[in-house]
Structures are given as structure tokens and as C-alpha cells.
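Below you will find one chain, with nothing else, as C-alpha cells; this is the form predicted alone, and questions on how it binds or moves follow later.
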């Protein structure tokens, strides 16, 4: 007789609400007239806000369902709040962009919410199978919305390139995961860690499997040398989609990487920490050097995103000293991901605001923005100096906590800290080049026609960056309480 397992519906309530919203959006879109297709956005926004409210009811809870494959804990709740907050911002900046263009709005919001549903399940995945399915649930809709400007050859190229690289990375990752299952006999992460701590962790096969999984995730987070798809994809995709790929998709990859490396592959950290040392140093350095050559802002932000991924990878190279060091590294990586999301979403909001008047979005198109749209210019200036790590902004503290964790780790950590400082200085050149155009270059005198919604989003993000810079404990106290380090 088959056994039935009780499902904890409270634990999966946010996912259920988002799933219901996805179905409602695609059904309602069928019955809406052409001039009312934009209603899909408010429907999506209400559903996302409902999922966020449901997530907040899970604060302080620890729940398991589906035989432990799906876990709700402080780590999962923190990332779900982050992903849903990001979804609200991306939906807000998408409204005018897609309403004024010749786009299939219902399909766009359907695909976007599906990708965010995958982000939510990643945070709670504690099994290889669920983790892989969640990652592909994020990636597959991204392939389509990256190519959503169907009449633009660059958009078609970006979607195709993203698809081909995404499929390759998925194949490499899945092969590595299958080898892990063959070696350990389980897909549960706690069981994998237990097996790798014993005889199953000996020999070259588990090491090769872990390497392939890291390579697969390297594509997902656009780490060097797997980053070559990102600049072309970001440039060819609609700007709100580039914001989604730069923040939500990248954060989902890092969430999966944190779960996998700390919960599943921790016993073999001596093998994979040197790999992350090389990945981190190469990613932040090459990303910054290539960003120096860019004149198109979306491509510049794409290479900036690659460099930022290098900073986020740095804590993975610090694992293995002691439990205290591991927890500090884990918390530093989480904090950087959260703060990076606020900074980058704010920057892309400003880019969306000026994209109507300047579709090419060149650095020179920002000339005189301080006179045309003062709020947007000030906000963009704050986001840029924060991405560069200048105090007193949130970006400074994000880098500071990683720098502190690296120094305390000693050894190779000190070298990584030095590389990070040098790269932060390099990044200031191209960040401040945009600021120079906004505040000191001559530009058009006519006001920028920016919707109040975009201006409001940029203003809120700017306030958040400043407040977190003045009072970093507001964010800093959350990651240590949401650690996965045993």
C-alpha cells in the first residue's frame, strides 16, 4: 500500500501564491483587449506582494516538507524576501518599457514570474534534484525574455547565446551531480556531506564531480572564464530583463552555490577552496579591466556585474580555517549579495528611465542629467559610488565585511583582500566616468520625461543605500542568523 506524505502548505504558501498568480496572468491576458494588456503587471504585482506577506509569516520558523527536500529556515526566508522584493522592483520598472513597445506583455509577466518562482524554490532546496530543477526554472524563462525584442537582431543573438551557454552549463552541472549521486548513493545534501566525510570522499571521482558542478555554477553566476555570454546578452535583452539577469538570476545562482558548497560539499573544502581563489581573483580583475573599455552603459554594468561576482566568490575561498571563519565568510557573501541587489536594481532603474530618450544608452547620453532629472542623477551617483565601495554607502560595508573575513582567515585570504582593494580602486574609474558626465558635462536642457514610478523606485533605492551606509547593522545582523554553517 502506498504511503501518503502530509504536505506542509504553510511552508510552501509563497510558492503557491506565485504559482496561482502565474496562471491568473496568462488566463486573464487571453481575455484582455490590446489596450488593456498592461493590466498583467498590476495583477503580477499584487500576487508578488501577497507572496511576500506570506513569506513574512514564516520568519522564525523552521519547517520541512517533501521528505526534507524542501526546508524553510532563516536562510530560506531571507532569500525569499530578497527575491520577492527584487520581483516587485523589476515589475515596476517593466511597466512603461513593455507597455510602450510592441511586446506580448502577458507572456512576459508569465515568464518573469515563473523565473522568480524558481528563485523561491532554490532558497528552500536541500536536495540535488530539487536544486537542479529550481535552477532551470530560473534559467529557461530567461532564455525567452532575453530575446523578447523579436525584431532586433541583437536581442535574438542575446537569447540564442544565453540559451546555448545555459544548456551547456546545465549539462555539465547535471553530469557532475549524477556522479555525486553515484558516489554517495543519495541526492539529499546532508546525506552527501555525511558520505563524502567517509570513504566515498576518497579518490578522484568525487573531486571531478565537484569540479563539474562548480563549472556549471560558474556559467550561472558569470564567473571568469565562463562570463563571455553576459555582456552581449545584457545589451541585447530589454533593459528590465538585463536588471533581472544581473540581480535575481545571479543571486539565485549564488544561493544555490551557498547551499551546495556549505551543506553538501563541506567535507572536501580543501579541494574546492583553491578553485574559488582562482575564480574570484580572475573574475574581479578581468571584469573590471574590460569594463574600463566600455562606452555603452548596459555593457558596462554587465562587466561590472561580472566583477561584483568576483567579490561574492571571494568568501568561498576562505572556508576551512575554523567554524567561526566559515560563518564569517558565509555571512559576508550573503550580505554582499543582498546589498549588491539594491545597488544594481537602482542603477538599472535609472537606465530604464533614460532609455526612451536615448535607446543606445551610451555613457555620453548621461551628459547633463543632473539638470534634466536631478533625482535620477543623484540616485545614479549614489549607486555608482556605492558599487565602487566609497563610504558612507552600503557598498563600502559590503566590501568591508568581506575584506575583514579575508584578513582574519590569513594566508591566501590576505592576498585576496589585497586583490579586492586594487580592483575596487580600478572600478572607480569607470563608475566615476558616468558621474562626471551627469554632473559636469554639457547636455540637453529639456527635462527628462521620466515616469513618477521609476523616479520613486530610484529614490527608494537611493535612500536604502544611504541608510545602510550610515547604519550597516540594519542589514549586517541578518546574515549571521541565517547561516547554513553547522
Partner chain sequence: MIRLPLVLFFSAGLFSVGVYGVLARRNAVLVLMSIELMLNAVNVNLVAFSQLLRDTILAGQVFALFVITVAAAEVGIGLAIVILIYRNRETINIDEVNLLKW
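Just so you know, these numbers come straight off a predicted model, no measurement behind them. Numbering follows the first chain given and starts at 1.
Not pictured, yet referred to below: the form predicted in complex with the partner chain.
Q: Among 412, 358, 129, 278, which has at least one heavy atom within 4.5 Å of the partner chain in the model of the complex?
A: By the 4.5 Å criterion, the partner-contacting residue is 129.
Q: If you check 185, 392, 225, 320 against the partner chain in the model of the complex, which one has a heavy atom within 4.5 Å?
A: The residue from 185, 392, 225, 320 that makes the contact is 185.
Q: What I'd like checked is whether 163, 167 and 179 together line the partner chain in the model of the complex, meaning each has a non-hydrogen atom within 4.5 Å of it.
A: The answer is yes: all three residues contact the partner (heavy atom, 4.5 Å cut-off).
Q: Would you point out which of 74-82, 239-247, 153-161, 364-372 contains residues with a non-hydrogen atom within 4.5 Å of the partner chain in the model of the complex?
A: Every other range fails; the passing one is 153-161.
Q: Could you confirm whether residue 294 comes within 4.5 Å of the partner chain in the model of the complex, counting heavy atoms only?
A: Yes, residue 294 lies within 4.5 Å of the partner chain in the model of the complex.
Q: Spell out, yes or no, whether the shortest heavy atom distance between residue 175 and the partner chain in the model of the complex is within 4.5 Å.
A: Judged by the heavy-atom cut-off of 4.5 Å, residue 175 is in contact with the partner chain in the model of the complex.
Q: Is residue 171 close to the partner chain in the model of the complex, meaning a heavy atom pair under 4.5 Å apart or at it?
A: Within the cut-off, so yes.
Q: Test of understanding: in the model of the complex, would residue 316 fall inside 4.5 Å of the partner chain by heavy atoms?
A: No - in the model of the complex, heavy atoms of residue 316 and the partner chain never come within 4.5 Å of each other.
Q: Even though the chain is shown alone, can you say which residues of 289-314 have a heavy atom within 4.5 Å of the partner chain in the model of the complex?
A: Counting only heavy atoms within 4.5 Å of the partner chain in the model of the complex, the contacting residues of 289-314 are 290, 294, 299, 303.
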